[in-house]
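Just the one chain here, the form predicted on its own, laid out as structure tokens.
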Amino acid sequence: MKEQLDILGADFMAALAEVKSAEALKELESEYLGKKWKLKAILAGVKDLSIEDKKTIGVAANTMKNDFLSALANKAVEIEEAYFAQIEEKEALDVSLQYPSKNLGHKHPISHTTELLEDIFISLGFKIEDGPQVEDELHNFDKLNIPHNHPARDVWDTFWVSDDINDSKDIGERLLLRTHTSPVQIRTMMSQELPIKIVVPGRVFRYEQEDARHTCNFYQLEGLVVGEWVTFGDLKWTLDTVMKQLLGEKTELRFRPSIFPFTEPSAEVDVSCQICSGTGKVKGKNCSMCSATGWVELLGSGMVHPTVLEGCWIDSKKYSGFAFGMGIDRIAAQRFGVSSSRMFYQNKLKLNEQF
């Protein structure tokens, strides 16, 4: 009977090797392990064996049955993999083939301007930093010397996150769409070692009346330098160098005294209008970009307020710094001669395809 089992096992393995489909595999399983399985027919004569032979043949039969089941399972996997390999080969696409596509597109003027600014500042030793667009009140206002009841908050018409979320939060923890990229400056001063020299480009949000120079969603680039013996003269040299590299050597800058809660002293910085060449007129009409003044307010700047430094655990008696913020949209409009910043957001391909 042992010889019969060996022959049966050899026959099964030979038949299994010829199986090519799931249907044939099912038939083979039924033939050897079904109700009338061949192994069962051999075991019918076990009753006539001695007790010792019964034990030996019984163990061998069970082992063979388990071997058959394992071999059938492996064959099923092999058949399935071969099936999917055939489909993959049949439906394969050669992604390396070249196809003459049209209208591939190009960078948006704002993206192009952002990268230009980043390159200029990197050449001056600045690092690029980034931060969240949904900010908390602490970093967006409080740490910038604009506490909860400060009238300066009225300058930023803020988009607050829904009351369902903010009503459960304490003052300082409430969430909003950042009104400037200054919170990244705060996060940097609180987490990095001095000296600090960074610029922060990014998207910001303010609820403003839209005109040629204002949109409720726009892009801003802010800069921060903190170290020993940093002066207002360093600020003026930096901005003059950047603007002339960006807009041309003939570009003029004008610093006007101003007030910002987070800088002291502070200054608004205007550049000579590139649309009207500083004349205030375009084809005999008043220039809408500079309101016929010949100057465009491009950024705010100043020396970092001691209170801001101390709030970020920086010794204001030993260290000083300057900060500035500029609208990338306005710079793009000046650089590319676009009369209104709103045009960048109107999805007009005729405009974007020019650059």
Ligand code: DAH
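Just so we're clear, the structure is a prediction, and the values are computed from it rather than from any experiment. For every residue, the number given is its place in the sequence shown, counted from 1.
Another form, the form predicted in complex with the named molecule, is not on view; read the next lines as being about it.
Trainee: Please pick, from A323, L28, C287, L309, the one residue with any non-hydrogen atom lying within 4.5 angstroms of the named molecule in the predicted complex.
Mentor: Going through each option in turn, the one that passes is A323.
Trainee: Would you kindly say which of R206, K244, K236, R254 lies with a heavy atom within 4.5 Å of the named molecule in the predicted complex?
Mentor: None of the other options qualify; the answer is R206.
Trainee: How about S182: is it within 4.5 Å of the named molecule in the predicted complex, going by heavy atoms?
Mentor: Yes - in the predicted complex, heavy atoms of S182 and the named molecule come within 4.5 Å of each other.
Trainee: Taking heavy atoms only, is E137 within 4.5 angstroms of the named molecule in the predicted complex?
Mentor: No - in the predicted complex, heavy atoms of E137 and the named molecule never come within 4.5 Å of each other.
Trainee: Spell out, yes or no, whether the shortest heavy atom distance between Y219 and the named molecule in the predicted complex is within 4.5 Å.
Mentor: No.
Trainee: With the partner left out of view, is F121 within 4.5 angstroms of the named molecule in the predicted complex by any non-hydrogen atom?
Mentor: F121: no contact with the named molecule in the predicted complex.
Trainee: Using heavy atoms only and a 4.5 Å cut-off, decide whether all three of G278, S291 and W295 touch the named molecule in the predicted complex.
Mentor: Heavy-atom distance to the named molecule in the predicted complex: none of the three under 4.5 Å.
Trainee: Given that the partner is absent here, state which listed stretch (75-83, 127-135, 186-194, 258-266) has heavy atoms within 4.5 Å of the named molecule in the predicted complex.
Mentor: Looking at the partner contacts, the answer comes out as 258-266.
Trainee: Only counting heavy atoms and a 4.5 Å limit, does any residue of 284-303 reach the named molecule in the predicted complex, and if so which ones?
Mentor: The stretch touches the partner through G300, S301, G302.
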